[in-house]
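Only one chain is shown below, in structure tokens, and it's the form predicted alone.
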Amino acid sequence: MGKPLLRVGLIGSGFMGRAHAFAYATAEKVFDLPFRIRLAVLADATPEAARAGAEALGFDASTADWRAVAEGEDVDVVHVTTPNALHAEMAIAALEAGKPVHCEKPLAPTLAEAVRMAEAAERAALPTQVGFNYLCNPMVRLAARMIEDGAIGAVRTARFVHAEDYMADASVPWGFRHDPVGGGVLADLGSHALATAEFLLGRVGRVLGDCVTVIAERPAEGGPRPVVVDDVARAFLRFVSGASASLEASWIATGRTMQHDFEIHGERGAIRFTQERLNELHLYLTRDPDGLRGFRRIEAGPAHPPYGRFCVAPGHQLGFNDLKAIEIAGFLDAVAGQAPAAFPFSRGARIQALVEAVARSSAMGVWTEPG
């Protein structure tokens, strides 16, 4: 009871808003958080939606005015889980009101807005977090440690894929993800793949992109509406380290509901991972004797922190919302000044720079350096 109280404000109660609320409920039980948590105020587009969200998720109050969360005196930290085009105004308002901010990815629809958000965070000198919770997976962190420790030798090549099928049906209506400003699969899913690529292999020096619109129009009020954003985005990446990689993002990958994969090839071994089996990492080592070489499965367990906080038994598995709880716990450590922010707005702006570099490269047909 000696811990300070932290009053949480949430803007948006859709899929990701709910994930944030669930993550707080889990993190408070699983981790020794530096705060006592109160879910204080939830804002949504209408009073009815806000009231329903607050009642379902356990918030004390609701409002249809997002500024009541971003600037309200009864809120200490702000979570922004609204459509991408709304992120910048809301997050900057909260930072200027002196509140740390957790914002979902992509950070903003354009690099210019993402940079404004990063600069606002720097001016405010407050912790920020961008919602790349796949990077909180103990297996992904294990892969990063093995690469850094040289377990597979110098990395030569890699492949990264993030593919889903929620836009595969041409009858899915036109929505905010199809908006030409910041829309498309490159920003929506490609940002995850790009974040993973730099998390594992370091800075990307240049890119060659190819973005394709497959479904040319979508149903909308008043009749079909043209689609100009990409349904599939591919890129070749050249890393500063000298490694190279291919990357693909697709939201029309029929049959795929959550494929976030990577395969890393080094001079002495390889690592592969798929989010479809997110509690496993596969390792190949060339030093194994002839006849016994092959990818071995490493199963998530208490030896891979913070898995043991969730379950004492290996093989019982973590899930998507558990990764969000790990992310929230890290964010709160940063808010308390106990650790640096894991993925602050400055890194979110960097990913947006890569997104726009791939898009520019696709339009120009040449290798391009991130801005």
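None of the values given here were measured: they were computed from a predicted structure. We number the residues from 1 along the sequence you see.
As for the form predicted in complex with a further copy of the same chain, it is not shown, yet the points below apply to it.
Counting heavy atoms only and using a 4.5 Å cut-off, do 67, 73 and 99 all touch a further copy of the same chain in the model of the complex?
Not a single residue of the candidate spot has a heavy atom within 4.5 Å of a further copy of the same chain in the model of the complex.
Pick from 57, 49, 61, 342: which has a non-hydrogen atom within 4.5 Å of a further copy of the same chain in the model of the complex?
Residue within 4.5 Å of the partner: 57.
If the cut-off is 4.5 angstroms on heavy atoms, which of these, 270, 172, 115, 86, is the one near a further copy of the same chain in the model of the complex?
Going through each option in turn, the one that passes is 270.
Does a further copy of the same chain come within 4.5 Å of any heavy atom of residue 316 in the model of the complex?
So residue 316 counts as contacting a further copy of the same chain.
Quick one: does residue 138 come within 4.5 Å of a further copy of the same chain in the model of the complex, counting heavy atoms only?
Heavy-atom contact with a further copy of the same chain at 4.5 Å: absent for residue 138.
Contact between residue 293 and a further copy of the same chain in the model of the complex at 4.5 Å, heavy atoms?
Flag for residue 293 set to yes.
Proximity of residue 36 to a further copy of the same chain in the model of the complex, heavy atoms at 4.5 Å
No.
What stretch, of 297-305, 193-201, 76-84, 103-111, brings heavy atoms to within 4.5 Å of a further copy of the same chain in the model of the complex?
Contact criterion met by 297-305 only.
What residues, if any, in 179-217 have a non-hydrogen atom within 4.5 angstroms of a further copy of the same chain in the model of the complex?
In sequence order, 208, 209, 210, 212, 214, 215 come within 4.5 Å of the partner.
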